[in-house]
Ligand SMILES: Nc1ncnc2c1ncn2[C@@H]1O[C@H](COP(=O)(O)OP(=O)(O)OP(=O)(O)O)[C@@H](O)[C@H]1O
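Below you will find one chain, with nothing else, as C-alpha cells; this is the form predicted on its own, and questions on how it binds or moves follow later.
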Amino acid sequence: MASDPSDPQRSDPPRAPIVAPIDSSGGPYAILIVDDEEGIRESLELTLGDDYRVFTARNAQEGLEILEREPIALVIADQVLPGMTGVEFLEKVIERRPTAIRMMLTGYADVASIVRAVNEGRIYRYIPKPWEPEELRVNVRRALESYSLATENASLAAALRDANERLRQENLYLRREVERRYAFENLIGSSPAILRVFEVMEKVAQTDATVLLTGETGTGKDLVARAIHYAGARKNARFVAQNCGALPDTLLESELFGHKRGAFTGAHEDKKGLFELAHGGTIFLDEIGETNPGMQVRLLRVLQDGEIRPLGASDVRKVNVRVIAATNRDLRKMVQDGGFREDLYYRLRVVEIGIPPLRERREDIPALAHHFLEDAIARMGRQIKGFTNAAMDRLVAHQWSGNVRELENEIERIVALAGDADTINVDMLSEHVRGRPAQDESPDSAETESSDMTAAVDDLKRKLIRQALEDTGSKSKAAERLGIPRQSLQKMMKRLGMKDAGAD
C-alpha cells in the first residue's frame, strides 16, 4: 500500500538514480503544479524540485498567470480545481502553450472523466492519488523527453521551412538573373547581318519550332539558343545543353536518354537522361554533326514521336521537349556524302539561323570589345577606361578566326596583364592581333603594309560611321550604336575628313 504523498511525516525509500532531461539552454525544465491542496503541492515540489524548476499555483487563474511569464514545459493539474475543472484548465493551457506536456492528478476512478480529460485536455498521462514518488519521477522524465523530442522536431521543421524558402527565393533570383542575362536586349550588335539574326530569333522564340543554328566556332550559338529559350513560353522550365562531340557514343546515349540499373558496366542505379530532365523545356544539342548514324536514328524518333527509351529499358517514355541543335559543319554536304541522315537534317532545320562570323560584322567589334572590357574589369578589379584609337583600329582590322569567343579571350588576357594601366594601347594586344611584321620582312615592306592597313581601316571606319548616321539620323545615337562616346565620334570624323564633324 502506497503512503499518502501529502503526509509530511512519511519516509520515502532511497531515490533511484534518474538523469533528468535539460532544456535547450542547458538548464532544468520548468514544471507547473496546479492544485488547491497545499500538502499536494509541497509533496510534488519536494519530489521533483531537485531535478526541475517547479512553480506552484493554488488555482487555475494563478496557473495561467505563471504560464504567461514562464517557459513551462510540463503542467501537472488536479482534476478538480476551484472555479473550473482540470480539463477546462488544460484546454486553456493548450491555447496558451500548445507544446507543453499535460498530466492530470485525480483521486477519483471516474472513467467518463478520464476519457474526457484524455480527449479534450489531451493529457499525456493520468496520475492517481496516492502516487509512488519514483514512478512519478520516471513518468515526468519520460514526458519531458517526449517534450524535448517534439521541440527539437519542431525546431528542425521550422529550420527546414526557412531553408526551403531561402532556396526558393535564391532559385527565383537566379532564374531572373539568367533571364535578364540572356534577354534579347542584352545581345550586342547593330550590324545588318546580326540584326537579321535577332529578327528571326524574336519570331521563332514564340513558337515550339525546332531550330538549327549554323556558324563557325565561337560565333555565339549557345548564347542564341539560350536567348530563344528564355524569351519563349518554356522559360520557366529547364534549359539543358549537351555537346554531342564531347562524349563517346555509349556515354552520349546514356546522357541523353538515361539508363536502367545494370544496363552496362558501372550502371549501379537508374539515371534520367537530359531529354527527361528537360521535359517541358528546351534541350540544346551542340555539334550535332558529330553524332553517329545510330544516335541520329534515336534523335529522329524523339523529333517524330516525342519518345525516348533509356538504355536497358523495355518501355518507351513520352517527353515534351523543344530541340535546338547547332553545328559548325556543312550538314547539307554531309547529307550528300552520306555522313548525316537526310530525314534528320530536315527535321532539325525547321528554322535555320546562320550566325555570321565576326569578320562579316566588323561594325559590332567596338561595342563587343567595350562590353567584354567592362565585364573583365568588374571581375578583376582593374581601372581601365577604354581603348586608344590605334588599339581599336587593330581590333576592328583583325580577322578573328575564333570569332566572338576569340575577341572575348583577347580582352580578358589584356585586362589580366594590364597592371595599373588605365587605357589599352596597341602594345598590350597579342602579337598576332597587332600584326607585327615577320623577322625576314624589310622595314620598308612592313611600313608599306602598315600604311595599307591603316588606310583600309580608315575606309572601313568611314563606311561604318556613314551607315550609323544614315540609320539613326543623329551623332549621339550613331555614337551609341558604334559603342563609343559622342566626343570620340566627332574627333574621329574630323580626323577622317568627314563633313559635319561639329554639331548634331
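Bear in mind that the values here come from a model prediction, so they are computed numbers and not experimental data. Numbering starts at 1 and follows the sequence shown.
Not on display, but discussed next: the form predicted in complex with this ligand.
The stretch that touches this ligand in the model of the complex, counting heavy atoms within 4.5 Å, is 400-408, out of 142-150, 160-168, 79-87, 400-408. When this ligand is considered in the model of the complex, L223 lines it closely, a heavy atom lying within 4.5 Å. Taking non-hydrogen atoms only, T219 approaches this ligand to within 4.5 angstroms in the model of the complex. Contact between V204 and this ligand in the model of the complex is not found at the 4.5 Å heavy atom cutoff.
Under a 4.5 angstroms non-hydrogen atom cutoff, this ligand in the model of the complex has D286 among its neighbouring residues. This chain appears without its partner; in the model of the complex, the one residue of F372, Y345, Y230, Y124 with a heavy atom within 4.5 Å of this ligand is F372. Taking a 4.5 Å heavy atom cutoff to this ligand in the model of the complex, the contact residue among N186, S155, S314, T99 is N186. Shown without its partner, the chain has N328 as the single residue in segment 328-342 with a non-hydrogen atom within 4.5 angstroms of this ligand in the model of the complex.
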